[in-house]
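We begin with a single chain expressed as structure tokens, specifically the form predicted on its own.
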Amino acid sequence: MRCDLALLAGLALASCTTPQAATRDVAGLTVARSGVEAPRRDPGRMDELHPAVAERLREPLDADGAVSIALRQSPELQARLAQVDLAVAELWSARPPNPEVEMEALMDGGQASVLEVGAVMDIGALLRMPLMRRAAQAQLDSAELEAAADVLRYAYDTRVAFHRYQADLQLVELYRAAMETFLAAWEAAESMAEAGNLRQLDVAQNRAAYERSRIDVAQAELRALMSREQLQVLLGLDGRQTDWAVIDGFEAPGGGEPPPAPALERTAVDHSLVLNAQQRTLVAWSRRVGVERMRGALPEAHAGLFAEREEGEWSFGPAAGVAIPVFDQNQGAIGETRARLRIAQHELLQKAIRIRSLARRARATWLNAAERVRFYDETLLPARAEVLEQTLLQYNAMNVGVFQLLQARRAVIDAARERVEAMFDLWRASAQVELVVAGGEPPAMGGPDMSGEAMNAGGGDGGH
């Protein structure tokens, strides 16, 4: 009996140790992987600007500044980080069972002639407790890894939203420039019609093209406003902080070409926080299978001490009881846990397939966007500029009319708009490659937009 009591005491003391809630610090993971950090904040003070946020808002934001603000100020990200606390609570709940104390007294003449006292503890639950704690610890590890992946993904979303807003601001300026050319064409057409050198039909066509270009400008301005509001939400700024600005310029990202596809795939799988989290989830479910099997083999087993006082004399002895699993051997819970384990195994395989595919797509998109930007810079834009220059020379020599000159200028503006979209695709692909290398999971990117909206926006040529 002395050995049994020592074992019980050892298990109880071991269960009272502090849970290792910070075995894999989320901030440490994200800083090591990508240099970003998302400090935890008190919900009661989230309506106050973080000092670092207030400092950055005084100057126009760059992409890194926007990410820094989002990771410190966003309530959405803080809610994701708080999910770790649920796993911590589950670990804390794996505690020793409370002892049960019973007392009975037989009264004789107003006094207790016989007093019985018993204290027992569920030994079955106490024996299962270490395995339950190991399962909960594995789930906590998984939650911390998922939280770190959420931080990286949130930083990626913010960076992409920032560059989308930058691109939309440039598109607004280009659409306005196109509108000015349509206005100039309309005014020229009216002047020529008044002189009797142009049909009224041509004037109407040029006016219609100009009016359509005004709609395009309004739509571009609305798109820029929507992009700004999306970034505002990601930054976690409320209605009191809406006067921020972003830096001018939208140049190509630095850095070289991504590594070859096989190497990038290996890096994505080896570094993936999502896969590591799923692996820890597998460990947790496998340990829970053991917990349920132990529960089926030993549903309840109570042990403790029994004391009795009769006629002033105390007597002591052990107390024990066990439930015999004749009918219910916990088959249902064991089967459910095994099924969840199989589900987690299949999900792990599927996530590995998806991450490899995302790595390949990110690299292919980067190469395609980089080639498009290079094509616009080295081939198409210089060609359009040459056409405009030669058209201007011919116009000065009175060999072509004003409409041909304005059409050449619109062609340059259209090519510039297409380049802005290609530049945004390059920034987004670059951010995806960085996220994959850091261990995050980017969203799946679709195929290229073949609608030709950028090429056809602004209406027809309007006449000659």
Partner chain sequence: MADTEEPGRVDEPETKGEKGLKRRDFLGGAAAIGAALALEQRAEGQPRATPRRVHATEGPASGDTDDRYRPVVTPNGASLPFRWVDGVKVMHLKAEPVDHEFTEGLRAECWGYNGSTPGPTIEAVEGDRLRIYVTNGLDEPTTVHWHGILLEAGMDGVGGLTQRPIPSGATFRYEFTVGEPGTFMYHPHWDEMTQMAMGMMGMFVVHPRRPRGFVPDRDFAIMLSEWNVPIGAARPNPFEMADFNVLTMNSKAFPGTDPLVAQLGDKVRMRFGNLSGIDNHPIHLHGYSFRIAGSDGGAFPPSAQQPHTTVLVPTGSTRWVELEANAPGDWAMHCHMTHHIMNQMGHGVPNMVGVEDQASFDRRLRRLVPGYMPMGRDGMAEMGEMEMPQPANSIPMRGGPGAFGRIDMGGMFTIFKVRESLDSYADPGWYEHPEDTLARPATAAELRADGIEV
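Remember, it's a predicted structure, so these values are computed and weren't measured experimentally. Only the largest set of C-alpha atoms that superpose within 1.5 Å between the two forms is called the rigid core. Positions refer to the first chain, counted from 1.
Keep in mind that the form predicted in complex with the partner chain is not shown, yet the notes after this line are about it.
With the partner chain left out of view, the stretch that reaches within 4.5 Å of it through heavy atoms in the model of the complex is, among 349-357, 189-197, 122-130, 294-302, 189-197. By the criterion of a heavy atom within 4.5 Å, Thr267 is excluded from the residues contacting the partner chain in the model of the complex.
In the model of the complex, Glu100 stays away from the partner chain, with no heavy atom inside 4.5 Å.
Contact check for Leu388: a non-hydrogen atom falls within 4.5 Å of the partner chain in the model of the complex. In the model of the complex, Glu310 stays away from the partner chain, with no heavy atom inside 4.5 Å.
Note on the partner interface in the model of the complex: the residue among Arg56, Arg409, Arg419, His50 having a heavy atom within 4.5 angstroms of the partner chain is Arg409. Within 4.5 angstroms of the partner chain in the model of the complex, the stretch 396-430 places a non-hydrogen atom from each of Asn396, Ala397, Met398, Asn399, Val400, Gly401, Val402, Phe403, Leu405, Leu406, Arg409, taken in sequence order. Residue displacement note: Glu187 has its CA displaced by at least 2 Å between this form and the one not shown (rigid core superposed).
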